[in-house]
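There is one chain below, alone, in structure tokens, taken in the form predicted alone.
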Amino acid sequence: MSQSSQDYLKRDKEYLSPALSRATEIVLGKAEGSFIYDIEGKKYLDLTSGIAVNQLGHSHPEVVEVIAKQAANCIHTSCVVHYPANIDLAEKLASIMPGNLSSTFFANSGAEAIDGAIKLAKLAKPGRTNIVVHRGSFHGRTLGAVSLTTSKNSYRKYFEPLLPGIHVTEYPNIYEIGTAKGREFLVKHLDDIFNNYLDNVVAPETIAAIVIEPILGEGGYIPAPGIDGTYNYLKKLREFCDKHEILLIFDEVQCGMGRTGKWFASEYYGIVPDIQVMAKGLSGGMPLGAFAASKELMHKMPPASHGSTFGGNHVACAAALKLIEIVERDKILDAVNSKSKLVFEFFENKFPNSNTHKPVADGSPRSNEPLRGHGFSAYHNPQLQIRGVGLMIALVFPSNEIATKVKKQSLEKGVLLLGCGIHGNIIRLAPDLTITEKDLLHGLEIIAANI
């Protein structure tokens, strides 16, 4: 006898841990392309893509085919033998990663990859006990990764004390400031805070690594300054790390693998990290994470200093190889940028002066208004503000209540959305990279109608 959504939800409550919350009460029937269908057959346009995972949409037929083929050949061996898909994927990643990043360790998730990156930093910098992270960042939920995470106190509050030696500096959110001069002042002010912290609290020679998301994910889809040709914060970090022999770690779990219209967000800044962390969009929905470094740096991890039973397994690696092949073959990254432009133009037409990448003129009537708070600029549209890169776009609202209302009413009309940000006043748009412009515009119309 078939069961209803309510039947499944009742059993879910009875048998599954409540630790993993769900964004909706939808019970999945199937998923295909840009759409999810519940078990009663209702159709939803998915603008979340499994939290920025399904770069090619749900169940891309070529990815499904290669998964089935690999599973029929071999599903799992762990580290008992070497296997081609694992080696082929590492070589392929070396060809698309920036700079000299050519050696990869595969894990099961972004959090595991972060833990591996921490271990590599500690091995490479013996005696340096400190790591610097940025406020608002999300790096995962293992005890190691959550020690670096500051996007919500709920991720940490039950589990402290965490790893010692973690120091938090400010992430420069220039988008809450409306004028060019104001943004310059903010960056200089944060620069002074950073330098004072180093002078007063943690000496550079004790720091093993500085960790940053080039574009904050859970923290609010905030690009680091420099992506618009302004003060290049990541370049500043690179220079500081080089001066003091500190490793620079980029967490590209959410912003990597084509999400921004380039393989990696760091390419917009012209910066190569020492260690790069990947996951989410890496393998078309299969569980796979990775951290990469130069061969010289990676080989500071001696044999058996790290490991994973399932990490980089046959099936996930085969899926990742096929995903990269499709993205290159079909020129999908070019299409990401055109769709991103469509989103920005759509909201700018509906809500003029909503694009916070464009500062207002100094001395304009609105340039002296006070900050509204919650990362919401006083200088741009009072109803909605937008920022982001590629198909990693934030819709910023004046309050959590408005963002929640928009999500709820859009869901009722068949559009799936997710929130983010410290204050819960942001909706993130992270559709699959292959979504049609027609479907994308349909979703945007529904969102706009509910603002």
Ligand SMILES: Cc1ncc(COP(=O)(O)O)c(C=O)c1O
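Remember, it's a predicted structure, so these values are computed and weren't measured experimentally. Numbers follow the displayed sequence, beginning with 1.
The form predicted together with the named molecule exists for this protein as well; it is not shown, and the discussion that follows is about that form.
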With the named molecule left out of view, choose which of Lys322, Lys280, His134, Arg128 has a non-hydrogen atom within 4.5 angstroms of it in the model of the complex.
-> Lys280
Among Val253, Ala224, Ala293, Ile249, which has at least one heavy atom within 4.5 Å of the named molecule in the model of the complex?
-> Val253
Is there a heavy atom of Ser109 lying 4.5 Å or less from a heavy atom of the named molecule in the model of the complex?
-> yes
Considering only heavy atoms, tell me if Tyr233 and the named molecule come within 4.5 Å of each other in the model of the complex.
-> no
Decide whether Gly140 counts as a contact residue for the named molecule in the model of the complex under a heavy atom distance cut-off of 4.5 Å.
-> yes
Heavy atoms, 4.5 Å, the named molecule in the model of the complex: which of 257-265, 86-94, 109-117, 192-200 makes the cut? Say which one.
-> 109-117
For the stretch 185-223, return the residues whose heavy atoms include at least one within 4.5 Å of the named molecule in the model of the complex, in the order they occur.
-> Glu213
